[in-house]
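First comes one chain, alone, set out as structure tokens in the form predicted alone.
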């Protein structure tokens, strides 16, 4: 069965689809992820690696958070919660000599404007300062120049430390982090801001807040396509066409009057509930290719429509994104209605069954306290799969590979 119809029959179509979907939810159990991906998703990292957490002066983490508690609910908050998780995790070791990995807790994204927008401009100096500190006070960085260290860098473009792609590309990854494993929300193939071997993670979305907005599972999905957010960013892209590479503008221009599309810049109080009433949720790129909408769509069982060319999605070795989502190339946005309405009903229902799998949802969250299979554990799984380290990462005594004076002049100033 395919969706091909006149808009005259839209109300009948949505009612029919909701009925079929509701019956399917009642008669089917959530579908287990098949093959190796499902096994990877359910891996237990405990016993497979040991992590040493550097104890840094509080000016690198706790004091920054005390100045601005908003950082705890920001989409970049993974860096804070990962630190808290590791402090009490069974993978933590207090003996650095037995550690497989070394973690440096630096809250480089906790610098927000009054409007809550992140300012990445101090981040490079802060990160350089922390690395100088650990390389001076401990011998472990110097053994590998960071090749057995990992850092959480959830900025728009990771360790390139800028929110505009053009400037992020110009900056490149902070030179001192070139050998480290970067745990970051940004992921795009063949991009200077994504090193090979990086671990792509979901952005932080508050689990308790989403839990509080759950509605009954048998609620009909009466919205076909849903999106709330910017289509243009006049403040930062006054001429238009640069923001979201024009993809969001194309969504608005092509479908603002299409009754299949419930799209708007308004962010209603019922946002979470509306996602649970929708069949498809648009997840287009913005300044960066990723956003919390992806997490929200998975949690609420709304099929994510991913519009971001070459995106690398969170935990892609464990989550079968091709099976649960719909990928639309940016150039094909004008055909969105045809692409989605021509999708067979059985394909849609299978995607919904896979999205109903609790392990899928759990992998996208950073809950407090942590829970088996959550995003914390998926990060550890990713680190464990990179072991054992190749002997080539270890340097001879006194050997240096990284250039400590490379990068923009402003990054070299003391923090």
Partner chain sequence: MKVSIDPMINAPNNNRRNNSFRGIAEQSSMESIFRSPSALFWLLLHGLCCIISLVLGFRFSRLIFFLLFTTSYNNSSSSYSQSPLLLHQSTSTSPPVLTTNAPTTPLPHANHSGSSRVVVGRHGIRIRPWPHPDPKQVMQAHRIMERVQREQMLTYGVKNRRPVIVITPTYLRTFQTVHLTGLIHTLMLVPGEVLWIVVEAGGASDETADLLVKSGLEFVHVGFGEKMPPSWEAIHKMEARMRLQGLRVVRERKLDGIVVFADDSNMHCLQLFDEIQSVKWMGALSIGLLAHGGSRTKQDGNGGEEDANFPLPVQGPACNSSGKLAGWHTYNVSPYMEQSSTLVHDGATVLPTKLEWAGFVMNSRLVWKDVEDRPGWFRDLDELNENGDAIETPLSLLRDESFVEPLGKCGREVMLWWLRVEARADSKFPSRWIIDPPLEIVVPAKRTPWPDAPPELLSSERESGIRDHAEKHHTKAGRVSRSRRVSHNKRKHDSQQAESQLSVVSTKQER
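It should be emphasised that the depicted structure is a prediction, and the values quoted were computed from it without experimental measurement. Numbering follows the first chain given and starts at 1.
What comes next is about the form predicted in complex with its partner chain, which is not displayed.
Enquirer: Any chance 73, 90 and 136 all have a heavy atom within 4.5 Å of its partner chain in the predicted complex?
Expert: Negative, none of the three is within 4.5 Å.
Enquirer: Looking at 142, 164, 195, 132, which has any heavy atom no more than 4.5 Å from its partner chain in the predicted complex?
Expert: Among 142, 164, 195, 132, a heavy atom within 4.5 Å of its partner chain in the predicted complex occurs only for 164.
Enquirer: Of 96, 206, 292, 246, which residue is found within 4.5 angstroms of its partner chain in the predicted complex when only non-hydrogen atoms are counted?
Expert: When its partner chain is considered in the predicted complex, the option within 4.5 Å is 246.
Enquirer: Out of 319 to 327, 99 to 107, 306 to 314, 79 to 87, where are the residues with a heavy atom within 4.5 Å of its partner chain in the predicted complex?
Expert: Every other range fails; the passing one is 306 to 314.
Enquirer: May I ask you to state whether residue 262 is within 4.5 Å of its partner chain in the predicted complex, using heavy atom distances?
Expert: No - in the predicted complex, heavy atoms of residue 262 and its partner chain never come within 4.5 Å of each other.
Enquirer: How about residue 340 - does it come within 4.5 Å of its partner chain in the predicted complex, if we only consider non-hydrogen atoms?
Expert: Yes.
Enquirer: Please determine whether residue 210 contacts its partner chain in the predicted complex, using a 4.5 Å cut-off between heavy atoms.
Expert: Heavy-atom contact with its partner chain at 4.5 Å: absent for residue 210.
Enquirer: Consider residue 169 of the chain shown here, and say whether it contacts its partner chain in the predicted complex, taking contact as heavy atoms within 4.5 Å.
Expert: Looking in the predicted complex, residue contacts with its partner chain include residue 169, since a heavy atom lies within 4.5 Å.
Enquirer: Residue by residue through 190 to 221, tell me which have a non-hydrogen atom within 4.5 angstroms of its partner chain in the predicted complex.
Expert: Residues within 4.5 Å: 190, 192, 217, 218, 219, 220, 221.
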